[in-house]
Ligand code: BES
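Only one chain is included here, represented as C-alpha cells and corresponding to the form predicted alone.
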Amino acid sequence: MKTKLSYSSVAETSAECIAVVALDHNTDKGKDAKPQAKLACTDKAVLGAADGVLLSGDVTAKPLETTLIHAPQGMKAKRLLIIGGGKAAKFSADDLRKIAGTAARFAKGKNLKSVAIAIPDGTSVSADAAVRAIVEGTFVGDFDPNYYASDRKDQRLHEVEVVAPASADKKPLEAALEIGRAFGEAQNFTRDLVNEPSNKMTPTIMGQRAKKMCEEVGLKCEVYGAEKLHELKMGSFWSVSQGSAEPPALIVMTYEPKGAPSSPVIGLVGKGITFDTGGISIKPADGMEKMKYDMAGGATMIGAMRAIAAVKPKVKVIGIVCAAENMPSGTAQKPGDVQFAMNGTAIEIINTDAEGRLVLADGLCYARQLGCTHLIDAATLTGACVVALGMVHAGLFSNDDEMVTRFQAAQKRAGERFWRLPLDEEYRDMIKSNIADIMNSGGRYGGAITAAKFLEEFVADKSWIHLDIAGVAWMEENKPWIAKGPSGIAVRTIIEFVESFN
C-alpha cells in the first residue's frame, strides 16, 4: 500500500473518501448529558459540508461511530466520512490509530481503493504522532484473513493519504510516515504468519519465511534443525518436537548496527508451536483448529525484527524463535517423562500440553549464551492468563522493575495493553518435583504465574520480561478497526522498547 503526505487544505483534497474526526466536547459526566459533537477540523468548507448532520444530532462523536456524506458541498472529495473519537479531553494517538483503521475498513467495504485522513486540529496529539498513528492504523485496518476463499476479492487499499496542515514542518512528518509504515508493515507481517494454516506454516516453512524476510531487510539469519538442538543439548525443546513427523526449527535473527555498544544486547525469544494438539495430553476437539496460532509469540519476534531493521536502533538485537509441532504419536513424550534443558535443569513432564514453556526454556538459555543481557519472551502460553485478564490485556511478568518501567512507557506509546502479574517466590513451590528439579505444570491455580516461574528458572541473573499473549493474539470478532483473526499484539511495543535504548 502506498502512503503519502499532502499539505493541501482538507476541502481541496481530491480523494474517493476523506475522513475527519468528530469529538465530544461536553464535559458533563452525568448520565443524561447530551454530546456536543464538533469536527476536529478548522476548514470552513468542511464545516459547512458537515453542518447539517451535526445540527441534526445524527453525529454523537462516540468512539468509532461513522457518518458518511456523499458529494459534500464545497469539497473536491467524493465522500466525507466523519468518525467519532470520543471525549475531546481524553483523545489520544491510540484513538486516532483506531480511527484510521476504521476509515480503512469502511473504505474497503465500499470497494474503494484509496482513502485520505486528515490530521485532527485542536487536540493534544502532536502532528508527527498523528501521522504515525494514522499510517499504523490504516495498515492494521487493511488486513483481511480470508486467504484461501475461492471468491476472495481484492479489497486491499492501494493508497492512504495523510492530510497535514500547510504550515506543518515537513521533515519530522515525513520521518513519522516512514516509521509508521515500518511499524504497520511489521504488525501485518506477523499477522500474515499467524493466519496461515498449519499445513502452510510448518516449522520448516516458518524458518524459510523468516530467512527470506531477513535477506530482504539486511538481517543475519540462521535456521537450525534437530541436529543443532542435540548439539546444544536442548532436550527441553527437542522433547516437544519428538512426536511429530515435522522437524523442529531453531530460528536465529541478528541485528547489529555499526558502533553498537557491547551492552545492552536485547534478546527476543518467541514460542513457535506451529500446531498444538496438546500431545499425549491431547486437547478437546472443539476449537482445536485455532491452535495454528500457537506460534504467535514467534511470529511477533519475526515481525519485530523486520521493523527493527527498518528503524535502525543503536543497539544489538537477537531474535530467537523455537518452532515445533506438538503431536501425539508413538515417539511423543509422555506424562511422567524427565527431560533436561540446555542449562542442565531436570524437568518432570506432568502435562505434555504445557509445551510452550519447554521450548522457551532452551530459547532463553541460548539467548544468554549468545550474549543477551535483556530478555523478552512472548508466547500464547496459558489459558489461565485468559481467565485472569480476559481478552483485553496480555499478561506481563518480570524480575526487573526498571525494565518494566521502560516497557510500560513503550506500551503506552504503542497503544497496547499489558498487565503485570506477581512472581512471588511462594509460586515456585508449586512447580517443585519429587523426581526432578521442577515440573512443567503447577496445576490449575495460578497457572499463568507458575508458567512464568518455570521460565524464570532459565534467565539466571539477566533482566527479563515474559509476555503471555494467549488472550489477545487472536481477535474473536470483527471490530470497526481490525478484522477477526490474528492481532499482531506486542510487535509495536517491543519495537518501541528496543528504540528506547537509543
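In case it trips you up, residue 1 is the first one in the sequence shown, and so on. Predicted model only: the values in this text are computed from it and were never measured.
Keep in mind that the form predicted in complex with the ligand is not shown, yet the notes after this line are about it.
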### Query
If you check in the model of the complex, is residue 355 within 4.5 Å of the ligand, heavy atoms only?
yes
### Message
Considering non-hydrogen atoms and a 4.5 Å limit, does the ligand approach residue 213 in the model of the complex?
### Response
no
### Message
Just checking whether residue 470 would be counted as a contact of the ligand in the model of the complex - the rule being heavy atoms within 4.5 angstroms.
### Response
yes
### Query
Is there a heavy atom of residue 384 no more than 4.5 Å from a heavy atom of the ligand in the model of the complex?
yes
### Query
Just one of 388, 291, 129, 327 has a heavy atom within 4.5 angstroms of the ligand in the model of the complex, so which one?
291
### Message
Counting any non-hydrogen atom inside 4.5 Å, which residue from 417, 283, 420, 110 sits next to the ligand in the model of the complex?
### Response
283
#### Entry: Option from 293-301, 164-172, 111-119, 241-249 whose residues, in the model of the complex, bring a heavy atom within 4.5 Å of the ligand
293-301
